[in-house]
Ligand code: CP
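A single chain comes next, written as structure tokens; it is the form predicted alone.
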């Protein structure tokens, strides 16, 4: 992808390393605005259609926050039952209508391929906020941005990375998209840990192998791993045929400080796309990890705002105008005085 302006962002397959570095460079420049040190009105008058037909907290609010921080306004639709789709309207018709009210659209939908289908009818750029068990490109980008920052802190880069992906790799769209992005880098080592029934889909495994990376597939944590990143996933209960089947796997891959110490290095970064299932029967990431400095899950969410700000700026072609419309943050100044 060499040109962002006016284009949809539907899949990680659109990106090469140059495009990723461009996104990350712009994301880095967004920090003063995300930290409320400065504000910009570069998207004043622009409207984001934030269409979430599947439950979401972080992604939905993060998209809205990112757009607001660039000076734009947000209009939201949440839940299938609250939209005309519940009355039988097609995605194409919905797109034609709502794109007339918006300058850009962020969309999540429970069916794989749905966001691409919607984009065919849209008159404005569409950003995929997750389509079923298929893809979550903006999550993959913020995950990769987080990995880059965490490894830089330890004097390392993404090339040569060892990442352990743990849990529901079958339905977890975040690991699908992240794996494809990592295939753009060199000498990456993947350790995939899951029950056979929740293994990484074969097309992703094939992509890893075709890229010449090292791959280990196992059903349990073994020994002391030299992984740089431990990427834990939630059991995606909403995508299982039944709740009973989902319950069979809940709590299989718990991580607490004792397990972390036994299986990982002292510098291994812990990541999770959230929400982490903190119910007793699951407890994916124990609260005793909250004081572990390598727990990066909340740095991930902060980074999500930066990456989504960058994507909005690039897609709407204003990445070079952001500082031109920079202003002081009045409320922050008043608070400080």
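Positions refer to the first chain, counted from 1. These numbers were taken from a predicted model, which means no experiment stands behind them.
This next part talks about the form predicted in complex with the named molecule, which is not shown.
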property	result
One residue of 34, 46, 289, 274 in contact with the named molecule, assessed in the model of the complex (non-hydrogen atom, 4.5 angstroms)	274
In the model of the complex, the one of 65, 56, 294, 41 near the named molecule [non-hydrogen atom within 4.5 angstroms]	56
Proximity of residue 176 to the named molecule in the model of the complex, heavy atoms at 4.5 Å	no
The named molecule contact in the model of the complex: residue 128, any heavy atom under 4.5 Å	no
Close approach of residue 170 to the named molecule in the model of the complex, 4.5 Å, heavy atom	no
Contact flag, residue 108 vs the named molecule in the model of the complex, heavy atom cut 4.5 Å	yes
Stretch in contact, per heavy atom within 4.5 angstroms of the named molecule in the model of the complex, of 117-125, 207-215, 132-140, 181-189	132-140
Residues within stretch 206-222 having a non-hydrogen atom within 4.5 Å of the named molecule in the model of the complex	none
